[in-house]
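Just one chain is shown here, as C-alpha cells, and it is the form predicted alone.
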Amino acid sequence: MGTITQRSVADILDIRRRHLNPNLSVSYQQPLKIVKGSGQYLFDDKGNRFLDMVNNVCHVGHCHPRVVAAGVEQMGKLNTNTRYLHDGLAEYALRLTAQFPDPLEVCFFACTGTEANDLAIRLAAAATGGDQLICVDHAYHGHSPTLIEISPYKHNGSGGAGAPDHVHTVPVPDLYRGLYRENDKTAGQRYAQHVQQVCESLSVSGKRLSAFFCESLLGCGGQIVLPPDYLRTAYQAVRRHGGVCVADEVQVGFGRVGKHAWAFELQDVVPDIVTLGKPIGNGHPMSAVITTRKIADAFMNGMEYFNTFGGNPVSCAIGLAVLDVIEEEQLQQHALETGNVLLSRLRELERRHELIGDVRGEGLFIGIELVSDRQIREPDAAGADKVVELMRHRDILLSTDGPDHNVIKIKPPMTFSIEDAEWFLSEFGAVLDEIY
C-alpha cells in the first residue's frame, strides 16, 4: 500500500492552493478533514462524528460492506473492458433495464453523469436529425463544454458566456417563487406551454428540435418538485415536434423519492432517454443511459460508441451490489417513511418560524427555502449560510442550493434513519430559535 503522509488541515489547504485547481471550493468556513465514512455518518481526523445530510452519491451508505466486498472481490479476479464477454455485464444489463418501464430496454455504460448526459445529446441528435435543445433555467447537467451549454446554472453565472443559439431555456416550474404559483391548479400546464412555444418557434424558423432535457426533480434549481402535468404536457409538445424527451435522474434515481424507483414516475410519464449517475455506484465512478431500441438503433451510424471503463467487471459487480442492497434493505420504502416524517415535522417548524418560506420534497430529497420577508418571498441567502454553518458546529452537515443560494438541501444516504431525523429536527429548531 502506498504511504500517505498525515498532514494538518493547514498543510492540506496550503497544498491545495499551490497544486490543485485554484477554483475548487471547500465546504464550511472551518473546513473538515474527513477520514472515514460509515452509513450516514462521516468522521473527522479528531474522531468526531457528523451526520451527512447532503451526500446523495453514497446512496446506500458510506462504505457499505456489501458494496465494498463486491468491488474488492471482483478487482481481485479481473477488470477489463466490454469487448470481452463477461457474466457481470450481462447480469447487470438485465437487472438494470428491468427497473424501467417499456419501451426503455437498452443501456449504455459510462463513468460519470456528465458522460451520460453528453451521450444522451448524441443519441437524441442521431434519432431526430436535429440540433436544437431545450433546457430548464438554472439547470445543471454536467461540466463538459457541451453540457455547460445546456446548464444555465453555469453558463449564466460567473465566468459563463450564456446560452448558444441552438439552446433554448424555459422557466423553472417553481410553484413558490416562479411565474405561476401554488394556488394555480393549471400551473404545470402553463409552465409546459413555454416548452410548447419554443417548439412552435423552431418549427416556424425551419430549425429541427433534438431534445428537451429536464431533471425529474430540480437540484440546482432549488430542490424543486415539478407541478402536476408539467412533464406530461411538455413531453407531448416535444414529441409532436419531432424531439425526444430526456429525464436526468443523476441525482434523484434509485428509489430516493420513495413512492417510485424513478422520479419521472411521479409525473406519470415515460421518457425516451434516462440518464443515471452518482448513486448508481455508491461512490464508485459509473453511470448509464437507458433508452429505447428505436433510438439505440438510430445511433448505429458506423461510429462505435466505446467507453474504456464503462461496464467494466468491477463496476458491474458494484452496481449489482447496490441494486441488491436497495431491494434487500427496502431502502425505497424507508425513504418514503423517513421522508414523510421529515416533511411533516419541517412544516411544523415552518408554521413557527417566519424564516422558512417553503418546505418541499419527495422522499429523501427535500428543500427548505429561507426568506427574509414572507410576504414578498425575498430570498435570504445570508440566513441560509448562517444556518448551515451553525449546524456544522452541531455535527450535522448541510448545504445550500437554488438560483439565490437560499435553499437548504437535504439528500442524505438512504440509510438516514428516523432517529437521525429527530436529531436533525431538534438541532435545526434550536438553531432557528437562536437566530430569530
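Residue positions are given as counts along the sequence shown, with the first one as 1. Small disclaimer: the values here were computed from a predicted structure and weren't measured.
Form predicted in complex with another copy of the chain: not shown, discussed below.
*Asks:* Among 330, 97, 203, 186, which has at least one heavy atom within 4.5 Å of another copy of the chain in the predicted bound form?
*Replies:* Answer to the contact question: 97.
*Asks:* Answer with one of 144, 169, 236, 128: the residue that has a non-hydrogen atom within 4.5 Å of another copy of the chain in the predicted bound form.
*Replies:* Selected residue: 144.
*Asks:* If contact means any heavy atom within 4.5 Å, which of 31 to 39, 365 to 373, 400 to 408, 378 to 386 contacts another copy of the chain in the predicted bound form?
*Replies:* Of the options, only 31 to 39 has residues within 4.5 Å of the partner.
*Asks:* Residue-level contact is defined here as any heavy atom of the residue lying within 4.5 Å of another copy of the chain in the predicted bound form; does residue 303 satisfy this criterion?
*Replies:* Yes - in the predicted bound form, heavy atoms of residue 303 and another copy of the chain come within 4.5 Å of each other.
*Asks:* Applying a 4.5 Å heavy atom distance criterion, does residue 86 contact another copy of the chain in the predicted bound form?
*Replies:* So residue 86 counts as contacting another copy of the chain.
*Asks:* Can residue 182 be called a contact residue for another copy of the chain in the predicted bound form at 4.5 Å between heavy atoms?
*Replies:* No, residue 182 is distant from the partner.
*Asks:* For residue 344, is any heavy atom within 4.5 Å of another copy of the chain in the predicted bound form, or not?
*Replies:* No, residue 344 stays farther than 4.5 Å from another copy of the chain in the predicted bound form.
*Asks:* All three of 197, 254 and 265 touching another copy of the chain in the predicted bound form at 4.5 Å, heavy atom to heavy atom?
*Replies:* Spot residues vs another copy of the chain: no contact at all.
*Asks:* Heavy atoms within 4.5 Å of another copy of the chain in the predicted bound form is the criterion; list the residues of 21 to 35 that meet it.
*Replies:* Counting only heavy atoms within 4.5 Å of another copy of the chain in the predicted bound form, the contacting residues of 21 to 35 are 21, 22, 23, 24, 25, 26, 27, 28, 31, 32, 33, 34, 35.
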